[in-house]
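Just one chain is shown here, as structure tokens, and it is the form predicted on its own.
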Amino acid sequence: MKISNYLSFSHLITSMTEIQQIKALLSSPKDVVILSHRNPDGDAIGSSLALGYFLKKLMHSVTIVFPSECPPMFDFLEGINDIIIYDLDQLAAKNAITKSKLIFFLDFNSLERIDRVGEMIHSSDSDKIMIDHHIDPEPIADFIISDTEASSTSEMVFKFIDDLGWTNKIDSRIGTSIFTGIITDTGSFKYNTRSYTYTVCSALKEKGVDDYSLQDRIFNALNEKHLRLLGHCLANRMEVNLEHGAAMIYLTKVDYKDFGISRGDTEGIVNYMLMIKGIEVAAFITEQPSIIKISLRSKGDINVQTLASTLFNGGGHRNASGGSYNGKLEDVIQKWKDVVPSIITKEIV
């Protein structure tokens, strides 16, 4: 029995006929590859693992491929060590994609998001299914399941399984992966939620997901280095503009060397600025070896997705987006300061 008929997918998947076509693709065992984006976050990891375990229950042979490594904070998730990382094993990634008969694109809607892995897709004859919640999906899949109102791709994976009529196959392991994606992409239910998000989480609780333990393992697993880095960011690298309700933290290449910063160490730092009374929008700017990256967060109606796409060649969601810039750190910082006065007045949103 289906748990909810709350919504229909908003892009291309509009009828049960198409759902049945997908169900037919899944009716016999085949080699399946699940892809997600570079620098995978909790939603990319959670949705991929959840879909992978679900497909294995249908007797498919499943391989998950990411362009780059997962943050260590998610090491507790079962199956994460089986994910093929293209940067570490290009041959294994290529062999899996070449062998596949069906490919899922999760949490991205442009081949640019998977870097050189995308080059392999152009020569693949596999059937392709996209499940994603970012705006403006590109026509890179045979079936595009897009819902920009969804809290996360993990929430959409639950809905995908539900629409197929197979929610009985969701167990606590699948549920834990889905729940991981939801709580990380919503900042523990602080943004991007809707009533259906809580319907899904309620159903997952009934499946045996221990949400207290899950949140504890994700958010209370910092080591000394992480806390010292956070202290440095707040004490030495944060600039607050209360007049315009904005704040910024930046990190230099020297900071990365001094603190031994590696992938995942800066996760969540941008959110601390929104804890300041009167701050409505925040930027976290980091000087990478060859590029400047910026993460943006906001409250309410302030649309940082537009800001990210307009100024920083990026995108994301209304209240959580990011981008990059080829240039100097000081140029990005100045660019941010120049645009800050217009943000609260919504001249750019």
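Keep in mind the model is a prediction, meaning the values are calculated, not measured. Counting begins at 1, following the sequence as shown.
What comes next is about the form predicted together with a small molecule, which is not displayed.
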* Work out which of E112, D171, D87, E119 lies within 4.5 Å of the small molecule in the predicted bound form, going by heavy atoms. => E112
* Structure fact -> the small molecule in the predicted bound form has a heavy atom of only one listed residue within 4.5 Å, and of R237, R217, H134, K101 that residue is H134
* Interface membership of A320, the small molecule in the predicted bound form, 4.5 Å heavy atom rule -> yes
* **in the predicted bound form, K293 touching the small molecule (heavy atom, 4.5 Å)** => yes
* Using 4.5 Å between non-hydrogen atoms, is G316 touching the small molecule in the predicted bound form? -> yes
* Asked: Looking at 48-56, 63-71, 307-315, 23-31, which one sits within 4.5 Å of the small molecule in the predicted bound form if you count heavy atoms only?
  -> 307-315
